[in-house]
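Let's start with one chain on its own, the form predicted alone, as structure tokens.
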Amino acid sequence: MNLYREQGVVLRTWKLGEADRIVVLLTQGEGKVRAVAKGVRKTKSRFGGRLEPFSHVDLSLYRGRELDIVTQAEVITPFRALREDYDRVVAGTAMLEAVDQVAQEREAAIRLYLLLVRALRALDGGPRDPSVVLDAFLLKLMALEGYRPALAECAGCGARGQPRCFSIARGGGLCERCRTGQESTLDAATMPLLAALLGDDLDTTATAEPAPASRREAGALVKGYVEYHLDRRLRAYPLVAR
């Protein structure tokens, strides 16, 4: 059928012509979708402000050859509190950017969609530190994409235990036998923090308040790990307050 209905999160938008806008969405069943919202920039547009980044929306779309056409849009969750706080906006923007990079067009990604919605809800709920929620989201995203870091065992030999050094290229912590000597020794709290960010649910993470030293160190590792394995730079990440 050419007409279909979906739920999705708006990842980004850009202008098209004088009144239209192209909207990129991560949808529940269709994966990443690019669609045109006609007349959305007009004062009396029927879409209003519903098709802006972060909006969680219920949509009716007409399937096109290259771009779909949005025929109806209703807001499920506006994430209003998120939008009103700069630190949460920047952290959320980094989430949207990462999802836009990994999501494939017309390829269902229900787990990715649910992860993004949960993460935006955690940001909207007023976390103690938005950067911690972002790092947890990125680690879970990497695990979904097949790049789960080794945190409770050596990424080289598989020996159990909590390593004190981390290799981005080799995929996680390294024991003393496998390390090359080029890896720096981490703060004692950093690896447990990374393990908690990966393993805990996002609501629990939203209440966490790690020590500043381990938080900064973990953030640097998460950023390096994501950018290395996705081979993409996260432009919004350096703007996140820590």
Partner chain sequence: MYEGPVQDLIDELGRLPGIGPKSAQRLAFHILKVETVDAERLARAITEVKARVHFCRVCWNVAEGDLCRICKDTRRDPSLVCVVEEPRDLVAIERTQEFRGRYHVLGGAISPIEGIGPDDLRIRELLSRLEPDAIREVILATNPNIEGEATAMYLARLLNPLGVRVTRIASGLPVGGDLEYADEVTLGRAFAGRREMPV
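What you are looking at is a predicted structure, and each value in this text was computed from that prediction instead of being measured. Numbering follows the first chain given and starts at 1.
Omitted here: the form predicted together with its partner chain. The next part is about that form.
Of the listed positions (49, 199, 29, 64), a single one reaches within 4.5 angstroms of its partner chain by any non-hydrogen atom in the predicted bound form, namely 49. If you check its partner chain in the predicted bound form, you find no heavy atom from any of 125, 131 and 203 within 4.5 Å. Interface residue remark: residue 165 is not counted as part of the site for its partner chain in the predicted bound form, having no heavy atom within 4.5 Å. Within 4.5 Å of some heavy atom of its partner chain in the predicted bound form lies at least one heavy atom of residue 239. Residue 148 falls outside the set of residues with a heavy atom inside 4.5 Å of its partner chain in the predicted bound form. Contact check for residue 11: a heavy atom falls within 4.5 Å of its partner chain in the predicted bound form. Note on the interface: of 152-160, 76-84, 166-174, 104-112, the segment with non-hydrogen atoms within 4.5 angstroms of its partner chain in the predicted bound form is 76-84. If you take 86-124 and check each residue for a heavy atom within 4.5 Å of its partner chain in the predicted bound form, you get 86, 87, 89, 90, 93, 97, in sequence order.
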